[in-house]
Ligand code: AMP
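One chain comes next, on its own, written out as structure tokens in the form predicted alone.
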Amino acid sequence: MKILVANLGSTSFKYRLFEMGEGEEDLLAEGGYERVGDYGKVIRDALSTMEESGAIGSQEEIEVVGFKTVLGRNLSGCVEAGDEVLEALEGFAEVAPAHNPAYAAGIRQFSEILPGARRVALFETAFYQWVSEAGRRYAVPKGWHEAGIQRHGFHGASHKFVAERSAELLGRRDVAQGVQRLYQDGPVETERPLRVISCHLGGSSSVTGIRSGVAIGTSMGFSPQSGLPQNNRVGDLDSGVIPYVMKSLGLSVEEIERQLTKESGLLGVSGAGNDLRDVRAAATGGDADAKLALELLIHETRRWASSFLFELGGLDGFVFTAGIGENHPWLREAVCAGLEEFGLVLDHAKNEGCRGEEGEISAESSKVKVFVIPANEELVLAREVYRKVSVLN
């Protein structure tokens, strides 16, 4: 089955074409476009490029188009991308302005350009649909809650992949198989729990607690704005800051939002940039603000990771994933520092030698196994779409 994975941003379009089947996961083609003004034009161009390269004999060979949608109002999961999905995306367009309008436009374009292909959306919030009500609820008036104000969670595809792969690495095939069927069958009871904390650390970061392959909570909340400090987004912030800043600095709500989403996070604290490599270079050179930005990211990662320990009742695996988590041993060591009393001990040599590849980085004596598991969200999406369509067929 040929599945085209479409990743759309406000001005970008990236794609990967997979051949999926039982025991088959082949990447046939990939590409992308920046500064997109007309999604229909770049989609047609991408399809022509795939034909010319021989990845497909004709456009009709593409059976399914999968969309890594971010957030929908009153809708989550892995679902067919019809009118219900479009309404859900548009209902939360202001919450995810860089992605929701783009995905709505892309779904409409694909319905016209590839009318014979099935369209399936996997929401980033899908992995969190079994979090307890207390874990999702904000202490806001009931009317706010009914309007959709709750913890949604993001990076779901990444954390779900970690849930499955970490279970395999920890010898829990029963849990891994349950994760594979999660969106079709829901959570599966296991004889004994498997307790994992997943740290997705990149330009956008989040920490998720996972019990037996199912999320129990995550650092991100109503929008991707929350949780850990991001590359240029603030992360968690007391709501009382907004009216205070309006009065004391004379800023409008629009300007406050712009600064919190464009000029905050690592960029705002360090002043050195929003790329962790630039921030660390400045910190190494003696820049106090850059050093503080790194300390803040580490502090918040540890704070959120520790917040899940009580509910998990212990820990079997601790995982780093995404660009920062996969490629920066110094940061992994800082996050795990001083946890020997909790049974978590890094192997310094293993940690230093693991960059951008899968590996166990904990010491032989460590009761908690620590892993680096590279993220591949497009493959995760292709797998989930294949499983969804297989059930529908």
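Residue numbers run from 1 along the displayed sequence. Being a predicted model, the structure only gives us computed values, none of them experimental.
Beyond the structure shown, there is the form predicted in complex with ligand AMP, which is absent from this document and is the topic of what follows.
* Asked: If you check L346, M50, V335, I324 against ligand AMP in the model of the complex, which one has a heavy atom within 4.5 Å?
  -> It is I324 that has a heavy atom within 4.5 Å of the partner.
* Could you spot which one of A293, L276, A102, A126 gets a heavy atom to within 4.5 Å of ligand AMP in the model of the complex? => None of the other options qualify; the answer is L276.
* Looking at 134-142, 181-189, 201-209, 162-170, which one sits within 4.5 Å of ligand AMP in the model of the complex if you count heavy atoms only? -> After filtering at 4.5 Å, what remains is 201-209.
* To do: Using the partner position in the model of the complex, report whether H328 sits within 4.5 Å of ligand AMP, counting heavy atoms only.
  => Although ligand AMP is absent here, H328 would touch it in the model of the complex, with heavy atoms inside 4.5 Å.
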